[in-house]
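This document starts with one chain, in the form predicted alone, laid out as C-alpha cells.
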Amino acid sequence: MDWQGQKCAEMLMQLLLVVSAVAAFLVGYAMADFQLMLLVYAGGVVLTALVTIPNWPFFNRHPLKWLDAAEADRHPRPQVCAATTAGKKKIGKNK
C-alpha cells in the first residue's frame, strides 16, 4: 500500500464507521432495540475491516520508485555536522 493508498484507506475507514454508526442509531431508534443497534454497528465495523485492511489493488495506484543497490552506493548518506550540535546551549543548574 502506498502513501496515497494509506490516506484513502483511512478516509474510507472513517466514512464507513460514521455511516454505520448513524445507520445503527437510526435502526435502533426506529425498532427500539439496543441489541439490534449493536449488531448493525458490529456489521459496519466488520464491513469496514474487510474493505480497508486487505491490500486491495486500488490502494496501490501510486507506487514508490526505490533506488537500486548500485545506485544507492553512488549517493552516500548525509552526515550529521558537528557544528550544529556544538552551538546548542546546555540547560541545567548553574552553580
Partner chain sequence: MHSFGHRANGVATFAVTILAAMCFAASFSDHFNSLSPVASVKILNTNWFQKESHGNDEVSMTLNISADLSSLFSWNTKQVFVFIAAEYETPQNALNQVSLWDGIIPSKEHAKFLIHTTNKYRFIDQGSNLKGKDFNLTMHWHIMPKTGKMFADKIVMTGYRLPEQYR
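None of these values were measured; they are calculated from a predicted model. Positions refer to the first chain, counted from 1.
Although it is not shown, the form predicted in complex with the partner chain is what the next lines describe.
Inset, instruction - Tell me whether 17, 21 and 38, taken together, all sit within 4.5 Å of the partner chain in the model of the complex, counting heavy atoms only. - result: Every residue of the candidate spot has a heavy atom within 4.5 Å of the partner chain in the model of the complex.
Legend entry - residue 4, heavy atom within 4.5 angstroms of the partner chain in the model of the complex: Answer no; every heavy atom of residue 4 is more than 4.5 Å from the partner chain in the model of the complex.
Inset, instruction - Answer for residue 43 alone: is it within 4.5 Å of the partner chain in the model of the complex, judged on heavy atom distances? - result: No, no contact at 4.5 Å.
Inset, instruction - Evaluate residue 29 for contact with the partner chain in the model of the complex, applying a 4.5 angstroms cut-off between non-hydrogen atoms, and reply yes or no. - result: Residue 29 belongs to the contact set for the partner chain.
Legend entry - Contact of residue 54 with the partner chain in the model of the complex (heavy atom, 4.5 Å): Yes.
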